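To begin, one chain is listed below as structure tokens, in the form predicted alone.
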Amino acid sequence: MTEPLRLLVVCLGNICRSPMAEGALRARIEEAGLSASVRIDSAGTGGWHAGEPPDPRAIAAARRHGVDLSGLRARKLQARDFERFDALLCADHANLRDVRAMGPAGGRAEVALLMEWAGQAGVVPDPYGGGEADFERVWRQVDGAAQAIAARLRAGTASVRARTG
């Protein structure tokens, strides 16, 4: 049996974008029948919210779409994540830069933007300072990315690129 593909979604504090993307990915991976071959987690580049549940607005947005995030807890990205995961999928360019800076030399994980890895354009904006409509927009965006990733994985057209250093 081959090892499952391990994906880690990363944002700033791990209470809005990355848990929403984790929940969407888990739901779409399950719908695609890929739960046995793909593992999903999330983390933040900062540890301010470690141990806390997602933002209530993120929980509500996901819940409106049948996904429960209430059991997730924030955690900070760790050096071992660069070995434990195949791809670290970042919400925006600042997260991408920070994750690359935090990575140990020779870490095996691919580091990429979530939207690009999903074959889509753009970045996931931080809804934290906004309202319900902002969280709904982010949900639709990360869910669309999750659907695209699940479809690409099911079709065998998405995989982690080999790292060249």
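All values reported here derive from a predicted model rather than from experimental measurement. Residue positions are given as counts along the sequence shown, with the first one as 1.
Keep in mind that the form predicted in complex with 4-nitrophenyl phosphate (4NP) is missing from the display, and what follows is about it.
Peer 1: Would you kindly say which of 126, 98, 41, 110 lies with a heavy atom within 4.5 Å of 4-nitrophenyl phosphate (4NP) in the predicted complex?
Peer 2: By the 4.5 Å criterion, the partner-contacting residue is 126.
Peer 1: Within 4.5 Å, heavy atoms only, one stretch in 99-107, 60-68, 41-49, 113-121 touches 4-nitrophenyl phosphate (4NP) in the predicted complex. Which?
Peer 2: Stretch 41-49 is the one.
Peer 1: Any chance residue 14 has a heavy atom within 4.5 Å of 4-nitrophenyl phosphate (4NP) in the predicted complex?
Peer 2: Flag for residue 14 set to yes.
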